[in-house]
Each structure stands twice: as structure tokens, then as C-alpha cells.
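Starting off, we have a lone chain in the form predicted alone, written out as C-alpha cells.
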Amino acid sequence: MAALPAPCSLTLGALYSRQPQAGEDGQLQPIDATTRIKPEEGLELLRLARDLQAGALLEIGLAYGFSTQFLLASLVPRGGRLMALDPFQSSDWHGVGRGLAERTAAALSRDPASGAPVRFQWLSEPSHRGLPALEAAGERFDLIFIDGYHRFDDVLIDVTLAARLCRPGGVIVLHDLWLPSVRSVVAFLESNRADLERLPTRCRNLGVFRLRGEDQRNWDHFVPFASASEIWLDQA
């Protein structure tokens, strides 16, 4: 992670080493080691965003903000914005992820290496309300990272709504393919969404889909899809 901008690499170093972080109440909060993405997954997110030259990013699920730091790093030096949805940021995560992201975005914007401002915005709405509101406001994103609720129906709803916010040629990334629920969503997309092309990735725990264009399925379209267990075994 040494190649990342200093504000991101320093913050990630503290998070991965589980150094307590200040919450919105000013108190130090412990870092739960299970709630994070692996460094190699974060670096893959960084690569995807940079390859796209993405300037508008959306993250569903913020928590401590591990992935947020990688996404913010991808905006240097072009500048751009990252929006994160997390209705539990204050109640469950004590505002740690939000505070770190805001400080990192401010530091990146001050850095002479940044050619344009880096902006971060947190929305407290759950995704099933926040995503339709963003669509109604005319928002569009180059990369959308989905890492919120991991129940099958919640993930499928997030992908369905995210596809309406993604620019053609942009990507939607699903985290935690080790879970049968998420793998089942991937199986459904591969069988039923011709407008979403699955891309190869260096990380088995990520599912990456590029939006080709409009969803042109008939109203009654459905193709049966493989079980989550079969998918995981095929990729082993």
C-alpha cells in the first residue's frame, strides 16, 4: 500500500493494525478485525477505478471505511467524488468511517499532487431508499461498490437499483462472494442480465460486472441459475 497517497496509506495502516479511532463523540473506538476488506481486495478496487478513470464513485456500506480509503485514493490526481450510503454509521460504527473519510478527502484536496478537489459525502439513508432518490436526482456513477446487507434479496435489490445509476461502461462490484447469498446473486446476474458483463478479477471474493447498456429483457424473462455451492466449487 506504499504506492497510495500518504493520507490513505497512513489511515489504512492504522486501521489494519487495529489502532482505536476517534468516533463522532470524540471517544476512541476499537476496530473489529472482521469488518473490513483485505488489502488485495482494496487494491483491486483501486485498480478498477483507475482503469476506468472514474470520477464519480458510490459505496453501499461504510462501517470503518477500509474500502473507502482505497476508493478515495483512486481519485488522485484527477479529483472527483465518493458517496457512501450507511444508515448505521452513527449507531453501530460511532461515525469512525465517516470521520476518517472526511479527513482523508480534505487532506487529499490540500495535497499538491492532487490536480482537483476530492470530495466525500455520506448519506444516512438505507440503500432501498437512498438509491432511488439518487436516480431521481439524476445522479450517475462510474463505479459502484456493494458491501451492505448480505442477504440474497438485499444484495439483488442493491444490484438492480445500482444498475440504474451506473453509467454505460461503468462497473458494479460485489463483495464477499464467500457467502452463498452473494454467490447466488452473481449466478442470477450471469444467467439473466445480458446487460451486465462479468469481468475477470484478481480477487476471488469480488464479483465485477460492467454495464453494457440498457436492460432489454421481456417483462416475463427468467432463466434458472446454478446453486451457490456449484459456483464456488467450479471456481475452486
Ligand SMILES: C[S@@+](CC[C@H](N)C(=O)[O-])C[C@H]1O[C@@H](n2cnc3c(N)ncnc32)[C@H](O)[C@@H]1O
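Counting begins at 1, following the sequence as shown. Keep in mind that this is a model prediction, so the values were computed, not measured.
There is also a form predicted together with the named molecule; it is not shown, and the following applies to it.
Between the options 117, 132, 126, 99, which residue brings a heavy atom to within 4.5 Å of the named molecule in the predicted bound form?
Answer to the contact question: 126.
Answer with one of 173, 211, 31, 63: the residue that has a non-hydrogen atom within 4.5 Å of the named molecule in the predicted bound form.
Contact check passes for 63.
If we define contact as a non-hydrogen atom of the residue within 4.5 angstroms of the partner, is residue 95 a contact of the named molecule in the predicted bound form?
The answer is no: residue 95 has no heavy atom within 4.5 Å of the named molecule.
Under a 4.5 Å heavy atom criterion, is residue 103 part of the interface with the named molecule in the predicted bound form?
No - in the predicted bound form, heavy atoms of residue 103 and the named molecule never come within 4.5 Å of each other.
Under a 4.5 Å heavy atom criterion, is residue 147 part of the interface with the named molecule in the predicted bound form?
Judged by the heavy-atom cut-off of 4.5 Å, residue 147 is in contact with the named molecule in the predicted bound form.
Though only this chain appears here, would residue 152 touch the named molecule in the predicted bound form if you measure heavy atom gaps against 4.5 Å?
Result no; residue 152 lies far from the named molecule in the predicted bound form.
Of the listed stretches (109-117, 82-90, 135-143, 162-170), which one has a non-hydrogen atom within 4.5 Å of the named molecule in the predicted bound form?
Stretch with heavy atoms near the partner: 82-90.
Taking the named molecule in the predicted bound form, which residues along 27-61 bring a heavy atom to within 4.5 Å of it?
Stretch hits, in order: 35, 36, 37, 59, 60, 61.
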